[in-house]
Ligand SMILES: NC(=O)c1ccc[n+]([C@@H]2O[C@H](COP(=O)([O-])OP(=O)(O)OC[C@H]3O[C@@H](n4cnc5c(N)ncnc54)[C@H](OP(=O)(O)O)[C@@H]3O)[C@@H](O)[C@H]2O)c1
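Starting off, we have a lone chain in the form predicted on its own, written out as structure tokens.
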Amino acid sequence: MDTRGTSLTGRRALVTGASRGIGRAIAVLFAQEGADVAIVARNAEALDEVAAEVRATGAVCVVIPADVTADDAPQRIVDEAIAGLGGLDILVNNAGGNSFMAPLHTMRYSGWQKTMNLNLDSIVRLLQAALPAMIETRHASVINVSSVAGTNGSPFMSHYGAAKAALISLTRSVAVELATEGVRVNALIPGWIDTDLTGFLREDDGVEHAVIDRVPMKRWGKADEIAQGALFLASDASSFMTGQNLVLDGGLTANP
């Protein structure tokens, strides 16, 4: 019987948005499971803290301070990751987020554009930079971190929901394109997770209750719980899985 596990020994992973929250948890867990890791975020000081955790496991860690939305960033990020790791087997497109709520008819278009650039456009450009090298490995995994905001309606966050929905569609299309190239592409879909990026939802008790009351498990998810899903998608445990959504949301999307 084939008992494939979640070891990442010998794998080389690039994780964006790795200075905190879900990205940090993923980077550290991947290292614990044997991967060497390149970590990307804007905050160099915070990245150094994550790098110390990664290196404490014995893994190689390449630190790449960068804003993924900058014009020259995607190719530079990939080049530095490959140079430091010796190749690339796993790409986790985790950088993203949303910092405001507004009805569409009053939303500034600049806010819409900024959200799309961070949550979708930067990922397209990272994929274009990374996929040639990943195809060469014939044994690679791309994990695009989307959100339940992209699977259901997202009132007052249409900008964010639209970007994350587009990322799910992109995941499926690219997965089919690469299915015979040795590259699997899946979407990881967290629900409402207790991180800095969802802090604005907890600033008002009424908003927080409205969010959590719809979650059947009646709590915020944890970054470590999402990291476990990423580990499954990165490893041979999901070797026959591509173009799919792995939803970790406490039952939120099971609601009618």
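The shown structure was predicted, so the numbers you read here are calculated from the model rather than taken from an experiment. Note that residue numbering begins at 1 and tracks the sequence as displayed. The term rigid core refers to the most C-alpha atoms you can superpose between the two forms while keeping them within 1.5 Å.
Not pictured, yet referred to below: the form predicted in complex with this ligand.
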Problem - Three-residue site R11, V78 and N186 fully in contact with this ligand in the model of the complex at 4.5 Å by heavy atom - result: no
Handout entry: Candidate stretches 68 to 76, 83 to 91, 172 to 180, 130 to 138 - the one whose heavy atoms come within 4.5 Å of this ligand in the model of the complex
Key = 68 to 76
Practice task
State yes or no: in the model of the complex, is some non-hydrogen atom of L197 no more than 4.5 angstroms from a non-hydrogen atom of this ligand?
Solution key: yes
Exercise for the section: May I ask you to check whether T242 falls inside a 4.5 Å heavy atom distance of this ligand in the model of the complex? Expected result: no
Problem - Touches this ligand in the model of the complex: G111 (any heavy atom, 4.5 Å) - result: no
Problem - Interface membership of R42, this ligand in the model of the complex, 4.5 Å heavy atom rule - result: yes
Practice task
Residue by residue through 104 to 121, tell me which have a non-hydrogen atom within 4.5 angstroms of this ligand in the model of the complex.
Solution key: L118, N119
Problem - R202 C-alpha shift between the shown form and the other one of 2 Å or more, rigid core reference - result: yes
